Each structure stands twice: as structure tokens, then as C-alpha cells.
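Let's start with one chain on its own, the form predicted on its own, as C-alpha cells.
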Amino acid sequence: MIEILQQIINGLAIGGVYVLIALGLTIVFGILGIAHFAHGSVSMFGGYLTFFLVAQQGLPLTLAIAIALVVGMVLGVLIELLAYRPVRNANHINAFIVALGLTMMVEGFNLQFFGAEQVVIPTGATRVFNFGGLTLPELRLYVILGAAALIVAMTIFVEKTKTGQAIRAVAENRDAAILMGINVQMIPMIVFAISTALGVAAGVMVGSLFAIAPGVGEGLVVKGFAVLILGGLGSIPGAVVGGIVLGVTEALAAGFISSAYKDVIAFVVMIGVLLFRPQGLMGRA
């Protein structure tokens, strides 16, 4: 029993990362209908930038993360303005091609400016806590708490603030939102800024827990879309539930079967869920 609980705790940490990636994808897809495939590469950019500021410029980790988040939000606005807005009213294949092109551009930028070496963001969080036989590394605790705080903040923003209500109104009916006086030109920029900031936070967590290297972003965005499908397309609660389910399933598979098959087993579980609920765990029938 202890070992199962230990693997669940391990899964919550990586599940939190998946939730943040999926939340960034789901608000873009659910509100703008764009499959933002470059999200994983942008997340890695945030991780690389944080590593650069901490390891090479000597900035404190919290300040480096704050700067990376702000840079990420600006980058998100630029991506919406320069890449997706010109093709907003075109065929969906145009946005798809733009997303693929953006992925290659951001990956190339990361490779050119940060190099091909695998890097780990230094955090100094090396303590290990023990609770009734369970082991919880300090860094994993921070990742779980950070992910939970961002999920709560995101939920409050969307549900309780006027901007969040405007975003939901545009998602429900764009024409009605225009008649209500909502600035529908501003909403996509806000959505991309939030999405990219969540991606940067996930990139920092991946860079702290594991490592950042070329190609990691593509795998991360595939997991993000898997979470979207598992939880229900466009559903914020679905992204949270799907991310945790995927993370815990991977951890249990790695702990009790083999880490080599954790991805396979996690996707088998996802396919099994979709056979019984094609709309996803939290999607509308």
C-alpha cells in the first residue's frame, strides 16, 4: 500500500506538469479553435531562459522565473498577433501549417541560442521529507504546490474576473460577445499570454525535475494533447483531471511494470477510457 501511495505522489508531480501544458492548450483550442502545436517548444524556451538567467547570469531562481513568465506572456501576444491572427478567418489547415512552422522556428531558436546540450535548472531544493514511510523530495513538493496554485489562480481568473467572463463569452458566442461590447480583438492576445505563461511554468518544472534538451518540447505537447482528449476537448476541469490521471498512471506503470513501457501503458489506459467515454472524462456528451 505504501508503495502505491509513493507512486501516486510521484505521479502527482509529473501530472501537475501535464495539467499546466494541457490548460495552456485547452484555453487556446477551446476559445480560438487553434491546435497550438508549438506550445511544447515555447515551454522549453521558458525553461531554457530560466536556466540561462540562473546558471549563467547568477539571478535568484524566483526572479528568473518571474522574468521568464513575463517574457513568455509577451511572446504569446506576439505569436497571436504575427502568426495566428493573419490566418484566423482562413481554412483550419492554414493555422495547422502555421503551428508546425512555429514549432520548427522556436526549436531552431532554442538550439541556436541555448545549444544542444541537455541542461538542468539548479534549484537548491535537495531536502527529502518523510511522512509515515512515504518519501517526498523537496523539489517535487514545490512542483505539486506550484501547479496547484496555478490551477486555482487560473480557475479564479476564468470564473470570477470580468476578463475571464469576457473570454468565456467569446468562447460561447463570438457574435453575441461583440454585441455585448466585448473587445474580441483583445481576447485572443490575453488567451495566448495566459497560455504561454502556463507553458513557461511547465517548462521550468520539467527543467528542474528532469532536464531540458532539443526534442523534449514535442513529446510534452503530445502528452498535452493526449490529456486534452482524455479529459475532454476544451474543458478546463477535464485538463486537470486528465493530466493527473495520465501522470499517476505513468508513475504506477513505471513503478510496478517498467519505466520503458510507461508511455505505452498510459496511452492504452487513455484509449480504454475513450472507448467508454468518447467525449473524454469531463467532456459533454
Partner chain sequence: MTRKTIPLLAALALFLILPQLIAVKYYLHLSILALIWVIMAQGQNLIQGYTGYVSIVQAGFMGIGAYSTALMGSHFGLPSSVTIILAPLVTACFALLAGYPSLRVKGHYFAIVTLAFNMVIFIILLNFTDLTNGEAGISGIAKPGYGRGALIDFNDRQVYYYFVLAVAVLMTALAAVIVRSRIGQILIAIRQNEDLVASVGVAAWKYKLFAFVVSAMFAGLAGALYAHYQSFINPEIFGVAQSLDAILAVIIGGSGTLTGPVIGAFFVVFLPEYLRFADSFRLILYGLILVLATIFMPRGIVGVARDLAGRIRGQ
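Numbering follows the first chain given and starts at 1. Treat the numbers as computed from the prediction; the structure is a model and nothing was measured.
The next section is about a form of this same protein that is not shown, the form predicted together with its partner chain.
Going by a heavy atom distance of 4.5 Å, is Tyr48 a contact of its partner chain in the model of the complex? Heavy-atom contact with its partner chain at 4.5 Å: absent for Tyr48.
4.5 Å heavy atom contact, Gln112 to its partner chain in the model of the complex: Judged by the heavy-atom cut-off of 4.5 Å, Gln112 is in contact with its partner chain in the model of the complex.
Does any heavy atom of Ala177 come within 4.5 Å of a heavy atom of its partner chain in the model of the complex? Heavy-atom contact with its partner chain at 4.5 Å: absent for Ala177.
Can Arg127 be called a contact residue for its partner chain in the model of the complex at 4.5 Å between heavy atoms? Taking the distances in the model of the complex, the answer for Arg127 is no, it never comes within 4.5 Å of its partner chain.
Could you check which residue among Leu136, Ala171, Val77, Val87 gets a heavy atom within 4.5 Å of its partner chain in the model of the complex? None of the other options qualify; the answer is Val87.
Val152, Leu145, Ile97, Met186: which sits within 4.5 Å of its partner chain in the model of the complex by any heavy atom? None of the other options qualify; the answer is Ile97.
Please determine whether each residue of Leu63, Glu117 and Thr123 possesses a non-hydrogen atom within 4.5 angstroms of its partner chain in the model of the complex. Negative, none of the three is within 4.5 Å.
Looking at heavy atoms inside 4.5 Å, which stretch does its partner chain contact in the model of the complex, given the options 50 to 58, 246 to 254, 35 to 43, 64 to 72? Contact criterion met by 35 to 43 only.
Out of 247 to 263, which residues reach within 4.5 Å of its partner chain in the model of the complex, heavy atoms considered? The stretch 247 to 263, when checked against its partner chain in the model of the complex, contributes Ala260, Tyr261, Asp263 at the 4.5 Å heavy-atom cut-off.
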